[in-house]
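Next comes just one chain, in structure tokens: the form predicted alone.
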């Protein structure tokens, strides 16, 4: 196993840099020898580019033992195959054949994941104007508010009253890594602020405006700006149809992370775009029908006489069997 060697004084700094560049191998356990620590790495070549004077050694490392709450339950019990972790809350989906054992499942999760304080279950689909989801308490502390950390950012939210996906943390990182110094960024459907907040904390963007219609999400958005001590974000509570046409400026980048039908609002982005503006448009499409997303962009651009250049279409995670959240990145040419 390839490792990078460092003394204990620089261990935290080295680990942080490895994590930021996705170079830390999380499947193996680092080892300590005398006053040195050896971190497992997943790419020798890339790590050497970052740590030009680094010391690399081959080591036999133990594999990380995965936490398995299933081992605390009888083998004949059906359990969720996956779940969402947001701060100290775990949200699970309980199918009909699991209902009679849902409390046992919840307690097993609490025992396994020591940093978790609450287990909730999905009590319906995402619905309504704000695409929120009803959640039912199962075990632990009866609460639905939590504090979540992502990409150097602290995010406070109510998981039932606000649409939020922790699974998009990698996608948010993909976006903020593209942002150049001095950019002005508009985020429509900003929610409690994950895109604006992570952009502000990880880039040198000049100004970020986030527009959100859900008053509760907007309230948390403003709280999170204060929580993160940020001064280059403006959070606006209101309907993008009314707010965006009144914005008296053009943006370098426009992000549209509405989980459904964002293309219907694409014409609004043209009001505040200019030559060179990059738009990130999200949507859900079947893996065999990604061309539909491209056609939506093309149809709206043609209707409004907008010339554009496709940059890429990115899969941002599976939503359901065969269906993915996707992002179409394109650039305004005129």
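Residue numbers count along the first chain shown, from 1. Since the model is a prediction, treat every value here as computed from it, not as a measurement.
Omitted here: the form predicted in complex with S-adenosylmethionine (SAM). The next part is about that form.
Remark: residue 195 counts among the residues lining S-adenosylmethionine (SAM) in the model of the complex, judged by a heavy atom distance of 4.5 Å or less. The closest non-hydrogen atom of residue 199 lies beyond 4.5 Å of S-adenosylmethionine (SAM) in the model of the complex. In the model of the complex, at least one heavy atom of residue 131 sits within 4.5 Å of S-adenosylmethionine (SAM). Although the partner is absent here, residue 146 is not a contact residue: none of its heavy atoms lies within 4.5 angstroms of S-adenosylmethionine (SAM) in the model of the complex. The three residues 164, 239 and 258 all sit with a heavy atom within 4.5 Å of S-adenosylmethionine (SAM) in the model of the complex.
Of the candidate stretches 103-111, 88-96, 206-214, 137-145, only 206-214 has residues with heavy atoms within 4.5 Å of S-adenosylmethionine (SAM) in the model of the complex. A heavy atom within 4.5 Å of S-adenosylmethionine (SAM) in the model of the complex is found for exactly one of 176, 83, 251, 189: 189. Proximity to S-adenosylmethionine (SAM) in the model of the complex, defined as a heavy atom within 4.5 Å, singles out one entry of 56, 265, 36, 290, which is 265.
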